[in-house]
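Only one chain is shown below, in structure tokens, and it's the form predicted alone.
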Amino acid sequence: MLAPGPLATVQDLGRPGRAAIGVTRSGAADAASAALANRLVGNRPEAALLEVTAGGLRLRAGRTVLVAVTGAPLPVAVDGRPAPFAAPMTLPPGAVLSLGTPWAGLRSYLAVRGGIDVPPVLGSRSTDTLSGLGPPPLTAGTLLPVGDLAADEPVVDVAPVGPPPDRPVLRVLPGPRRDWLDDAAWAALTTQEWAVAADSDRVGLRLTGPRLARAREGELPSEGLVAGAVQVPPDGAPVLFLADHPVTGGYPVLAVVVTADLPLAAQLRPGDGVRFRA
């Protein structure tokens, strides 16, 4: 690793089924893009890869490897020459792969045939930025071993996937504590445009817009949370939880984004607009 950019982590399918012991799933924030990258290089679905936030990554191949970059579209270069995006490509020993800045979206994925072979923690190689489980975020000088999780030889030469939309519309279902919010809160959530705040990350997106008022006083005992939960703190500014969300929370959950739309949420950048549709 020559340079990680603003944030680069190792991710895979995550740690499902461990919420009872306080461990969230984590894993790739944009699971669809991560899965596509693994398919392009012929990896098994559980292979670990790199999640690159806002581009800027540079690495040198230690041997001949097959790689693919997906997710937020950005300039890709090998030894300074343009290289394909969303397509498998071979890096010879010593070649330097560089990722520019995405022109849409936030998170890109770099898969290498065989997968990234860092030691698993609780069955996953994912970095959990909230708890610190898994490998730390990547730094310059990090050596990334390649594993043996390759499957059949890849047969696709390019995946023509469009960029994420400028202002996505995320589908939501009523949350378990919708009755803790004023009746107007649901209407505001599903009719108004919201903006992503600057202090958003893999844990969740803080949203700015109309204040969502409570219908009840007091607070709830802590209860379970899932990725996609839209929680409303006392200040009335909702938080949409992503891959590294806490497993419990005491603020009411007004809505839950459907799982299929979470990859769109994961590509939102600070300042982006987003809408919710019931």
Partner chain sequence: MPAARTVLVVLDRPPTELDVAALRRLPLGEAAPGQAGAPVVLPVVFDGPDLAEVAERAGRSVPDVVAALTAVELTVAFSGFAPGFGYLTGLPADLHVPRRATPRTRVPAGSVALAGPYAGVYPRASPGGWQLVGRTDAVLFDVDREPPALLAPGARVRFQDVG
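Positions refer to the first chain, counted from 1. Here the structure is a predicted model, which is why all the values come from computation and not from measurement.
From this point on, the text means the form predicted together with the partner chain, which you will not see here.
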**Message:** Please tell me which of Val23, Leu264, Leu13, Val257 lies within 4.5 Å of the partner chain in the predicted complex, judged by heavy atoms.
**Reply:** Val23
**Heavy atom within 4.5 Å of the partner chain in the predicted complex - residue from Ile116, Leu133, Val196, Val203** = Leu133
**Message:** I need the one stretch from 40-48, 215-223, 236-244, 27-35 whose residues put non-hydrogen atoms within 4.5 angstroms of the partner chain in the predicted complex.
**Reply:** 215-223
**Item:** Heavy atom of Val121 within 4.5 Å of the partner chain in the predicted complex
**Value:** yes
**Asked** Is there a non-hydrogen atom of Arg178 within 4.5 angstroms of a non-hydrogen atom of the partner chain in the predicted complex?
**Response** no
**Request:** Indicate whether the partner chain has at least one heavy atom within 4.5 Å of a heavy atom of Thr248 in the predicted complex.
**Result:** yes
